[in-house]
Ligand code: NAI
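Shown next as structure tokens: one chain only, the form predicted alone.
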């Protein structure tokens, strides 16, 4: 079984290379090109392709993959909103993902972002490097005794709930489906109640029609003044232009984003020599209470190992026609 691995980085080759001996039936070729319609034909002669969150796995891409004999799309990530699942089903292409590679990896980054924007760690680091030991602009708040509002309580959201509990916070949550494992210490409330009561709001839900731009100027105005907002889930959960409006209204103590709407062209690329004239992301970065990271929630040793293990097992299951909870189509 041959897999063409798109947008391969050195850490991908290392983590999958360390695991491949356990799957002698599988052969992988790695390329740096991202998966999109103009690169899909490179997969001719392969049984499957492996793609990430930044790939374009839309209708045109899937049609080209199908024309070139590809039977399986392996997403080495949890999200698959960039995949036209219905088109894949129509073409008979199996789509599998990695839903639970390391919930703690993402949740721990979410808390790291919350702490960093609260205590202005990025600013403090740069000040001290310049021999400025004043405390101007560094004041934060205690998390102990505050209320954490977790939107989405699947595996990652549940991990975030436990972290917040460990900080001595009251934990409230909103989800269409309540997680019974959290009933001992999490109170489920409506989204409006969560927005109004929370000192820290952390997003951990999938991107669906109902969640698209769920954070907008109307929802922002329902939040407490001085709230901290963290998004490590999907960029389009937040209307970036309206988030900027909320920041200018001094609504937020801090905003931490590992994902954002403009990330597709930026993720894992070095654009330091470019002038981004119309970038909304650049406008976000102009604010002293905003911190953006480059979609690195998954980037821990343990998570990379789990991604490789699950993705390769997904290939075996697809070849055997075995249905699993990892199936998208």
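This one's a predicted model, so the numbers in the text were calculated from it and none came from an experiment. Positions refer to the first chain, counted from 1.
Below: the form predicted in complex with this ligand, not depicted.
Although the partner is absent here, residue 298 is a contact residue: one of its heavy atoms lies within 4.5 angstroms of this ligand in the predicted bound form. Contact check for residue 185: every heavy atom lies farther than 4.5 Å from this ligand in the predicted bound form. Among residues of the shown chain, residue 177 is one whose heavy atoms approach this ligand to within 4.5 Å in the predicted bound form. In the predicted bound form, at least one heavy atom of residue 204 sits within 4.5 Å of a heavy atom of this ligand. In plain terms, the part of the chain that comes close to this ligand in the predicted bound form, with a heavy atom within 4.5 Å, is 145 to 153 out of 238 to 246, 221 to 229, 129 to 137, 145 to 153. For the options 78, 194, 93, 253, the one in contact with this ligand in the predicted bound form, meaning a heavy atom within 4.5 Å, is 78. A single residue from the set 106, 161, 117, 73 has any heavy atom within 4.5 angstroms of this ligand in the predicted bound form; that residue is 106. Shown here without this ligand, the chain has 99, 101, 106 in 97 to 126 lying with a heavy atom within 4.5 Å of that partner in the predicted bound form.
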